[in-house]
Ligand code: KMH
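In structure tokens, the next block holds one chain alone, the form predicted on its own.
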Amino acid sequence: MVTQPTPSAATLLTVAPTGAESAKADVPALPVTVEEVVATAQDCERVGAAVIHLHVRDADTRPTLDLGRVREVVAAVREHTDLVVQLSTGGAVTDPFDARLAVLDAAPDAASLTLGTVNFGRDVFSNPWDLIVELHTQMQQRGIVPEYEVFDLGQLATLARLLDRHGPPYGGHVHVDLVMGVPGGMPGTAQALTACLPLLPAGATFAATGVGRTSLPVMLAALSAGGHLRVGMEDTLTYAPGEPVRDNAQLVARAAGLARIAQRPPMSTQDARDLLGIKPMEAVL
């Protein structure tokens, strides 16, 4: 039987403010210091974000999985916002598997879990089966909610296999992010998004991320299909043709406006926790 994503009267907005690909020297507005990340988190929460997806930079603005730095950023965002703190376990494409697994030691509310290897422009983002299983089971044991990252259609078959063999995620709810428009992954089109929906597990929710110029068409397609949204300077640096993004709050505000037009306004942080099955804030502080 064909399943359909679980509908929602509100839209879960996730902001991915930094990523691991862009250099601060090339993109001065990119938040990389702890203070910049906290200010970005506060601004984005005010305009509708409920989840923040974090990649961490070191004192020289380079991507890092240093656990001390990761813990510092997680603690600072928790201290100054009510956002769901989601860490990337993808890191940069050059990061070793053990360092990617170790970020779970920072005890985020949630973490990304990519469901397969994909070409990433000229690079390869490696996610073999054993790493997928290890991330899934460690998150189950540690009380961390996974967001399953899907870069191509076949990775949804991997998700079905994972859940069948290793059980549901911590919290019991399956939430998938369709990452679209990466060179090497599925295109950022309504047709590609529609092709994914029948393969989602029963009862699952999904968000969609449009990379680069696919940001707007993917947002519109996701909203029309009952999905949620991820935006941010990790994924796009251009607000309109010839117009650089001013800051992450600009992207969140646009997504929030489109969600309201769709009569599915932004979800509160508490509603996001309830949807995703995340433990109460007092349990993690």
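Remember, it's a predicted structure, so these values are computed and weren't measured experimentally. The first residue of the shown sequence is 1; numbering continues from there.
Omitted from view is the form predicted together with the ligand, to which the following refers.
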Worksheet item: Should Glu21 be classed as touching the ligand in the predicted complex when contacts are defined as heavy atoms within 4.5 Å?
Response: yes
Fill in: Asp43: touches the ligand in the predicted complex, heavy atom cutoff 4.5 angstroms
no
Worksheet item: For Gly171, is any heavy atom within 4.5 Å of the ligand in the predicted complex, or not?
Response: no
Item to complete: Check whether Gly90 has any heavy atom within 4.5 Å of a heavy atom of the ligand in the predicted complex, and answer yes or no.
Response: yes
Practice prompt. Name the stretch, out of 243-251, 256-264, 219-227, 52-60, where some heavy atom lies within 4.5 Å of the ligand in the predicted complex.
Written response: 52-60
Worksheet, complete the sentence: Contact check, 118-155 vs the ligand in the predicted complex, heavy atom within 4.5 Å, ordered by sequence, gives Phe120, Phe125, Glu149, Phe151
